[in-house]
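Next up, structure tokens for two forms of one chain, structure 1 and then structure 2.
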Structure 1
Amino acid sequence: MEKEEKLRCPRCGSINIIEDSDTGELVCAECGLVISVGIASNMKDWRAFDSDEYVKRAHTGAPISPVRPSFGLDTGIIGQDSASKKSVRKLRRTKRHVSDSKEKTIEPALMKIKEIADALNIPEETVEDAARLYRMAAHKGLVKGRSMDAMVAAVVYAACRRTEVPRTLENVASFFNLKEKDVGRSFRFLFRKLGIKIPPPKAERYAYQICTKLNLPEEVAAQATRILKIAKELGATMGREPVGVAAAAVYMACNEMGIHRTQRELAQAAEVTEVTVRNRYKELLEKVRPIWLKQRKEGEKRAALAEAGGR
């Protein structure tokens, strides 16, 4: 059935490597790692599955460099890589490969992926990943007998997670008029069966997204990112929904910078409840704020010194 190469997946060691004839990419059929080219380089950390584990096994160093993340959503930042045209063609050209009927049945799903991607402003890179995941699922017979919408929703959501595009289950589910929990169920089913580990979403991504929604200055996002970094190091985000933590961090950054935003506004932007924002905020106040303020003070001091010295 599957093509086999003499290659081994560097992540899971499987020799079950599929070649995507369109892109020439080598993809591990077991875990989905793209071996030769593509998004693999963007996906750094795979080990953890849920939020708890993520913090427990938090990679120590490696500060998440806040280098202009492309946070998407209605801002013009998405079209960075101008490969859109190429990848659309890539998606269309799926029939050329593999003669069997499976590829044919996949086509409508790919179209749906395109549709939802347009609606939710999802970048091409993510669309391709979703298509790739759907193919893997189809080849393993995981789609048969299940709602195609739910499966498409699941792979789109998964691709968003893998490529760190901040979209919630709710975002994806509502496009298909599905319930969040149903998409979630499909998502978990699919990726348990595929054996693919998908890293938890990063709170920093949501922080930027929230700031964008509320038209907050970049400095707020930068401060929120620092808060989140400290929170992570302290384990204060353990087991919490990243988007909720992000909302609280942004709220705290606003407060500290004299920008008035209510908890309700943050809650709405993050699509969580006020209670969640409150609870996360409370935790951040206790655990993170002291350290954060100290670091800020030190940072300012350094900046002042540097400026004085530079003159």
Structure 2
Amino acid sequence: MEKEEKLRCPRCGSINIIEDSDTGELVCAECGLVISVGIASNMKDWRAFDSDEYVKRAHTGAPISPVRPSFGLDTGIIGQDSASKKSVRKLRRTKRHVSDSKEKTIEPALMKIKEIADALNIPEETVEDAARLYRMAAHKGLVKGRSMDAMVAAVVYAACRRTEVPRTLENVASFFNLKEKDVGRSFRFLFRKLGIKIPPPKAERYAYQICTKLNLPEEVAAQATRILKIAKELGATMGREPVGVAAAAVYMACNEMGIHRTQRELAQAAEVTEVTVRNRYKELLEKVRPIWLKQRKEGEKRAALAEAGGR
């Protein structure tokens, strides 16, 4: 493969060519010949000496986001330094007059979505999905005359389900001091009207979250996931709150692996009652444990044979 030929000065033959980033010119450092004019540059065409000047002179802004008012495309009024106070007040009145009234009604809800996202440590992807869902509901007139808190809680919970973020209905409802049934009612109303299918929450996600909270080994989470898979195949999770089943699966895995954790600790980590963990554990003990232990022994036997064969 031929080497790329270096650029040479047509006058003196030097390869010491420099680029002037301000003008976009290529100049020979030996004889000073301007070889090319107007090379495209990615550099800024302005300079700033402090943060305020940077904001004023920048040509670009933050990316478009459904979480931001007007998707982040709202117009700000700058240049007050050179304009009279009367002119600035007039511009602001005009801006308020032409602003979309629907966008103004959505802004408080977007603020609440950001507040609960910060409190529950919800990722940006989920926050944006919640904002999109709320905008869809507002566009169809579904939020009018209803509790804003309940509607925000409903879209946040739905977004968590859609993006597989393990947050329970209780987590979301308690932030607004609402009852779970009230949020659940708003949740069902919204998505029946919007015609959007929300996938059921996955117990496996909660199992990993619980293990992380209790600082349990990765193998406990892996075994709990296997328990949950068997339970699902047997229909033992039907009609059960996934987080409660996940807590019971982690408890079972801990017991079999000789790791001491109480039902109270599991209940606190999963934010459910001890009674829930106890009842789900009894069901898993009866239906799932024999199959899981059998599969686990078979897996250990295969691993031992593979190790012996590799020696």
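This structure is a prediction, so every number in the text was calculated from the model and none was measured. Rigid core (definition): largest C-alpha set, two forms, superposition within 1.5 Å. Residue 1 is the first residue of structure 1, and the numbers go on in sequence order from there.
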Only one structure is the form predicted on its own, namely structure 2
Once everything's superposed on the core, is Leu178 shifted 2 Å or more at the Cα between structures 1 and 2? yes
_Core superposed first: is there a CA shift of 2 Å or greater at Ala150 between structures 1 and 2?_
yes
